[in-house]
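Only one chain comes next, encoded as structure tokens, the form predicted on its own.
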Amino acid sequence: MELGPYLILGLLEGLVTAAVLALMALGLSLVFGVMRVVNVAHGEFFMIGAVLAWWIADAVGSHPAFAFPAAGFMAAILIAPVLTAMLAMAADQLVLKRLDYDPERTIVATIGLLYIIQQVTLMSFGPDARPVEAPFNHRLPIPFVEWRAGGLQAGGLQDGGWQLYWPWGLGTTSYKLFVIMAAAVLITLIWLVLTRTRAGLVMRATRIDRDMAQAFGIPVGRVYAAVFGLGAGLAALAGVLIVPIQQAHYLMGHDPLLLSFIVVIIGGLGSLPGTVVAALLIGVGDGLISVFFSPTLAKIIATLGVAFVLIFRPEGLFGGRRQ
């Protein structure tokens, strides 16, 4: 077996996983970094995004006014994250704010929110997995370059050198490449908002000292609601992007939540570069190990990586050291 094409295949599959994980973990890291809330229901917002994507795509796609195939997905990617963010902001005002964002009580509250969202989704949409058609899904073969020696071969004398070929049966799709590029653009936009805008400055000020920010007239309650909604919206957007690859299901939020916590712990809480680097490490490692071994082994290695990080660098790879 030629290892080169399979390495490229594992790398591409890992980059898709890393793209989705980076969006998920970025939302989780923002919520904890600004609000000091461990959102255990974060995976359910991912699931809601995927389920709403199916519902919106099905409703729009069946309407005679929207005949082109991409209409349903385009509507889903615009509407589902906004609806999920609004739901998260309502949960913040009705539950978390009333608990005064106490770290221990908010963990219990978000666990309860997890089960409420999960069961309401089950009762509303049923237990079946729901597919969403990708707006484009062209098959792209994986090219591979190798050195082939010349000499006397079948058919006569052939020259050696680097040769390009496409292994039969191995390839990716245009939609998976779109997921990778879309995540890169979105992460760049979030970084620009956090570092180059007044809204980002307000978030950073609230994160550093909540009381001082409030004393300077910053509406901390609104900032918290916006951050909680933004985190949920990013998770829902990740769910919308992945649902043409994985079908929407009411239990699909568990594994992404676990991997998001792993990414945040390894990268460092509140660190955007750490989140991206850790997502790449976990995602690409998961893709390569899954191609050559098994997905279960990839999860075991990721968990062991968290254990080593907690032992030798508890603040994460890019997290600031505690003073």
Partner chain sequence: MTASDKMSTRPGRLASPGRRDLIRKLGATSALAAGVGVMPLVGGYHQARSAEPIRIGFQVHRTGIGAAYGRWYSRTTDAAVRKINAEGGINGRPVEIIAEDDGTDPKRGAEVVEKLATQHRCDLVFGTLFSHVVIGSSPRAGELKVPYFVVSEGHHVASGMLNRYTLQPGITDVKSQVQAMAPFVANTLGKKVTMIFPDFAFGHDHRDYFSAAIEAEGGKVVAKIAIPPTESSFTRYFPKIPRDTDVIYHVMVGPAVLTFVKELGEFFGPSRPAIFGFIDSLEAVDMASPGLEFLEGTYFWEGNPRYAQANQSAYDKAYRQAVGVDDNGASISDARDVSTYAHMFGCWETLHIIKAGMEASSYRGPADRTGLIEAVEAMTTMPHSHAHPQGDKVFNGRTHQVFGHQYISKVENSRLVLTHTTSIEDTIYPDEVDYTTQSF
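Computed from a predicted structure; not experimentally measured. Numbering follows the first chain given and starts at 1.
Beyond the structure shown, there is the form predicted together with the partner chain, which is absent from this document and is the topic of what follows.
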I need the one stretch from 232 to 240, 196 to 204, 179 to 187, 126 to 134 whose residues put non-hydrogen atoms within 4.5 angstroms of the partner chain in the predicted complex. 126 to 134
Out of Gly33, Gly287, Gly274, Gly61, which one falls within 4.5 Å of the partner chain in the predicted complex, going by heavy atoms? Gly287
With a cut-off of 4.5 Å between heavy atoms, is Pro244 one of the residues that contacts the partner chain in the predicted complex? yes
Classify Val291 as contacting or not contacting the partner chain in the predicted complex by the rule of any non-hydrogen atom within 4.5 angstroms, answering yes or no. yes
Heavy atom to heavy atom, is Tyr250 within 4.5 Å of the partner chain in the predicted complex? yes
Considering only heavy atoms, tell me if Thr173 and the partner chain come within 4.5 Å of each other in the predicted complex. yes
